[in-house]
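Included below are structure tokens for two forms of one protein chain, each presented in isolation as structure 1 and structure 2.
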Structure 1
Amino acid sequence: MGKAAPDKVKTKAEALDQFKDGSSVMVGGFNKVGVPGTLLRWLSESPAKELTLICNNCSNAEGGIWYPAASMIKAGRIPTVRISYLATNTDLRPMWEAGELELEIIPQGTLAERIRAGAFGIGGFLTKVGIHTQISEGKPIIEVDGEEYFLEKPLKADIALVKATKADKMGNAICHGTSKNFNTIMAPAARFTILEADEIVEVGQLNFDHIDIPSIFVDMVVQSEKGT
């Protein structure tokens, strides 16, 4: 699909066709804000397995917006999780301790910066956050002006699932308030980006000075279903 296509609005079936075994999947959102709930539910309804999930958090509260993804982790369909915040999912630590889950805990700012690096072709960055802990194990330590840092590498994905308040048919999107969170940096960090929008309008109806996610980073647009 061309990034410059004038109409990227697609159906559920066309979105489901993008979910393949073995894919790495970034999912935007922070707690309950800015989460592409419709796309998460569709992902869980697909047969895709052996996935890697990259997200800030993933609550396993039954009926919650993250529950479809949490259920996939519990079922073994997502054997690898790269995440910042564990407290809302009581399954992750026991599964990791039992050897049922590969779990990488990434400090929140580091997660954001690794995704940004992946999106814009940056080879990595230096940080002190987590130095001389399990977070820095096996990573190069570099001295700068007498201070020790370690190298964090870029993070990219096969698919990004992101959420917007309003988008035009080409994929230009506005994210309201704090829903900008990880959505704006994940959209350009994936090979294929699906954007879920609460409202879809014609091209030209959005103020382009207010665009948070430019259409060049979006491959597909879907309508958010009621309740998500």
Structure 2
Amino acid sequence: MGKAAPDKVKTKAEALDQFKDGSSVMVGGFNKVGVPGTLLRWLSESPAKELTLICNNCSNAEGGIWYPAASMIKAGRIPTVRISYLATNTDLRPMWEAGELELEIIPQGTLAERIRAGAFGIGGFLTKVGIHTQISEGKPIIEVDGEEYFLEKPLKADIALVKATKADKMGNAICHGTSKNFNTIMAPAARFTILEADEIVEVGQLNFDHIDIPSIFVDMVVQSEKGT
């Protein structure tokens, strides 16, 4: 029954069914916090390939929470990456220079705002961030009231993988501390959103004032596995 279903809690097998070749995949998290580590591992265990990854950063530290995604990039299963911060993944530069990887580098706030625009029906927005640098090359410059800006376009995805500290079965979610980051804006920006939560509670147990991700942005809820 869609976005208002009262129980969206599903199994690993049902989540794996959603991973399709050719999908664009948004992944929440900043560094080690708010990262859907269980879903990333499941994604790497699926056969999905020809993926586009949209995320803030993606460390290739072995055993790290981003490692399943980094190893998929290394293996050529993610030929396109749209990302803000590359320093923690030493594979990206050489693969990009060798023509093995399409890399779109996006300032972090512009990445967030483009995702929000995609989520919220904004056709594009005017910014000064990166104007007259490589970032603005090829993008239209538009003057508003004597100030120069350039146009950035919205970003959407086929799938969003997001992480919450606590969620109810319907998908309402609370992201504690700095784990809100990209999770709150990616959840509404994808055609299908899977949320993993450290703790899943019954509907009605969360305070309606404290919801960071409203249930209607979430299609599926899974339990985080320990150690991710």
Partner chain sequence: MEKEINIREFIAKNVATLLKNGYVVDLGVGMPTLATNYLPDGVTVFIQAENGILGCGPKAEEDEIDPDLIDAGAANIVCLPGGCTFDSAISFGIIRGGHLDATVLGALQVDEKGNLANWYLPGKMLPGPGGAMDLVAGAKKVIIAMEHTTKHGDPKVLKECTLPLTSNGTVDTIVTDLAILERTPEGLKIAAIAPHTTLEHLLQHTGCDLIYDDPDSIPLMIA
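Quick caveat, the model's predicted, so the values are computed rather than measured. Reference numbering: structure 1, starting with residue 1. Here, rigid core means the biggest group of C-alpha atoms that superpose within 1.5 Å across both forms.
In this comparison the chain labelled structure 1 is the form predicted on its own, and the other chain is not. When two forms of a protein are overlaid on their rigid core, residues whose CA moves 2 Å or more are considered shifted, and Gly99 is not one of them between structures 1 and 2. After superposition on the rigid core, displacement of the C-alpha of Gly123 between structures 1 and 2 stays below 2 Å. Core-based alignment between structures 1 and 2 gives a C-alpha movement of 2.6 Å at Gly146.
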